[in-house]
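Just the one chain here, laid out as structure tokens, in the form predicted alone.
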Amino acid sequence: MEVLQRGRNARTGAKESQALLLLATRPGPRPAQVGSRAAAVDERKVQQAWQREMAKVALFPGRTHLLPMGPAHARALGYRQEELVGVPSAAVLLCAGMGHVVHAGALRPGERVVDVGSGGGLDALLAAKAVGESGRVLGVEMVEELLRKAQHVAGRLSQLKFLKGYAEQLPTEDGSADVVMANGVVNLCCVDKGRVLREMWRVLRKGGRLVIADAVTQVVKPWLVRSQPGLWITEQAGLLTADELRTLIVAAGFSNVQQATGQNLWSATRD
């Protein structure tokens, strides 16, 4: 973090620092350093705000929440009825993603998958079906209430497990995954999006694939809005534009970055 200058807030008169976050990558062909729109906000408080909100979603899935969710939302995202056959209804009720990452990931039997922010477990369950008993799927979730729901619906699938963890520090080894996927996590929920993407790069093997679905914005919220943790929930204050998100994916070390036509779905490769 490099402090560029100090000055006074035009509204309050208080002294403030303006900072630029410089992104680093692992050894290898090093992308140019990229400045991100780093929000001057307490990362832990944002995590706690999301944990409270998503705990309510897990405990009361039939209520109206700030995020669209449920069977109708799943159908709108492209989840087909035939692929949901046999999937516990509790997992479909908790569908609150931004796209169909399992379909976009084109998962193959025997692959190892990490689902970051696995929520109620719908994507991880579908991934487990796709990779079969010879594959492995790890769902990582920070919200205890969602984690318990997912662990319950996982049943006896030997190739599927869920662990508590954070996108910024995934509980798995370097190069342990063929595919990392995330649905409505990186841009919507995470403060240090560059760090999260670099962590995803770390756990992917060489040639592994990244698939993310996320919300984006046309106009980034002003600093005063982004600095308030609660507004990351009610106003989606942390969102970057699609171009900025793509820039961060490249800066994390990924190549062949592609966005699905007309969708907020990105895929990329770890060289």
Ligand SMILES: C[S@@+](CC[C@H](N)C(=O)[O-])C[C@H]1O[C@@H](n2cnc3c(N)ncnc32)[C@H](O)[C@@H]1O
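In case it trips you up, residue 1 is the first one in the sequence shown, and so on. As the structure is a computational prediction, the values presented were derived from the model and not from experiment.
This next part talks about the form predicted in complex with this ligand, which is not shown.
A heavy atom within 4.5 Å of this ligand in the predicted bound form is found for exactly one of G105, G194, G97, G135: G97. None of V185, A154, A128, A74 but one reaches within 4.5 angstroms of this ligand in the predicted bound form through a heavy atom, and that residue is V185. Residues with any non-hydrogen atom within 4.5 angstroms of this ligand in the predicted bound form fall in just one of 172-180, 154-162, 106-114, 89-97: 89-97. For the candidate spot formed by V41, V220 and L245, no residue has a non-hydrogen atom within 4.5 angstroms of this ligand in the predicted bound form. Among residues of the shown chain, M54 is one whose heavy atoms approach this ligand to within 4.5 Å in the predicted bound form. A residue is said to contact a partner when one of its heavy atoms sits within 4.5 Å of a partner heavy atom; Q47 meets this definition for this ligand in the predicted bound form. For L67, a non-hydrogen atom is located within 4.5 Å of this ligand in the predicted bound form, even though that partner is not displayed. Using a 4.5 angstroms limit between non-hydrogen atoms, G139 is distant from this ligand in the predicted bound form. Within 4.5 angstroms of this ligand in the predicted bound form, the stretch 146-180 places a non-hydrogen atom from each of L146, G165, Y166, A167, E168, taken in sequence order.
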